[in-house]
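The chain below stands alone and is given in structure tokens; this is the form predicted on its own.
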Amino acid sequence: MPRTLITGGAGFLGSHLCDRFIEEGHEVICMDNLITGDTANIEHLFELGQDRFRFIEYDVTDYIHVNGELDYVLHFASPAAPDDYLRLPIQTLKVGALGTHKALGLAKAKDARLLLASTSEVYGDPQVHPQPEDYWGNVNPIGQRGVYDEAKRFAEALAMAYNRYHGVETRIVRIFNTYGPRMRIDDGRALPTFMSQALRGDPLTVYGDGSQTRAFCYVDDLVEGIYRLLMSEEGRPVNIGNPDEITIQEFAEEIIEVTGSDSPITHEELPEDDPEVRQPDISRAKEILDWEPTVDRREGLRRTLDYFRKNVDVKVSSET
């Protein structure tokens, strides 16, 4: 039975990965300090996983000790939403640097393969569009968003150093905007903000004129891509995301339509260093992993809406 550690496993993405690896027959150790994660995301696994699932509340910036053998380490511990890493800048930098160092040290000691959760934010406000993996990015290291962008860029460099100098098997996934059930209602990202506002009948807040673009990937597609990457022999960074690009203004309008809301759209000042465009070039994932998204955005939004209806405190009626 393969044995897998998932750091940040009680978070949005981490919990879905716990589900997948339990389904694949792994013994899963979920480690999370719960500053942005929630045990509600994994409570079903205590019964489902039975003796194959274990949760450890722990800060991975400290020395990580796990008894017994490990086959895989998935390092997903980090604040990921802008509201979180702007509120927790030091913790974000520490988990990107110290947490990655501790996770890699554990992988080295256990002779395990490590997959690092990186991000499309390593490209910053890109001057190349769409963004391929060989683009080095355009990042402001001292801007507010730099605490997340540079933490992930450092983490990638550290993973490659451990690969080159210690022979640790590493995989790097650059994750683009992802959505689905278990997103925090108040994490400040576009989808939870728009969907919560629409369900409550509040105005949807679009920053700037809404012409900035994003590309949204449903979580099940992302997890499939991550699993294939971990099991592959590809050591270079790989973009995993949905290339179906949409403006934020159009996305807000789509959320209003899907929810059946009458909410208006309001505009506020664009935050510092907010990227103008974001779209993954997934040529490498297609070629190496035979992967591409299968859930279109409208279907993914319908699936996500069910979760938000159950968790947003004020709901509106809808025929969708």
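Counting begins at 1, following the sequence as shown. Bear in mind the structure is a predicted one, so any value in this text is a computation, not a measurement.
Below, we refer to the form predicted in complex with uridine-5'-diphosphate (UDP), which is not included among the displayed structures.
> Heavy atom to heavy atom, is I248 within 4.5 Å of uridine-5'-diphosphate (UDP) in the predicted complex?
Looking in the predicted complex, residue contacts with uridine-5'-diphosphate (UDP) include I248, since a heavy atom lies within 4.5 Å.
> If you check in the predicted complex, is G124 within 4.5 Å of uridine-5'-diphosphate (UDP), heavy atoms only?
Contact check for G124: no, nothing within 4.5 Å of uridine-5'-diphosphate (UDP) in the predicted complex.
> How about V66 - does it come within 4.5 Å of uridine-5'-diphosphate (UDP) in the predicted complex, if we only consider non-hydrogen atoms?
Close contact is absent here: in the predicted complex, V66 is far from uridine-5'-diphosphate (UDP), nothing within 4.5 Å, heavy atoms only.
> In the predicted complex, does G188 come within 4.5 Å of uridine-5'-diphosphate (UDP), counting heavy atoms only?
Result yes; G188 sits at the interface with uridine-5'-diphosphate (UDP) in the predicted complex.
> Of these, Q144, S232, T205, N138, which has a heavy atom no more than 4.5 Å from uridine-5'-diphosphate (UDP) in the predicted complex?
Only one option qualifies, and that one is T205.
> Name the residue from R153, K102, R171, R214 that puts a heavy atom within 4.5 Å of uridine-5'-diphosphate (UDP) in the predicted complex.
The residue from R153, K102, R171, R214 that makes the contact is R214.
> Please identify, from 124-132, 190-198, 223-231, 107-115, the stretch that has a heavy atom within 4.5 Å of uridine-5'-diphosphate (UDP) in the predicted complex.
Among the listed stretches, the partner-contacting one is 190-198.
> With the partner left out here, which residues of 162-177 have a non-hydrogen atom within 4.5 Å of uridine-5'-diphosphate (UDP) in the predicted complex?
Residue within 4.5 Å: N177, and no other.
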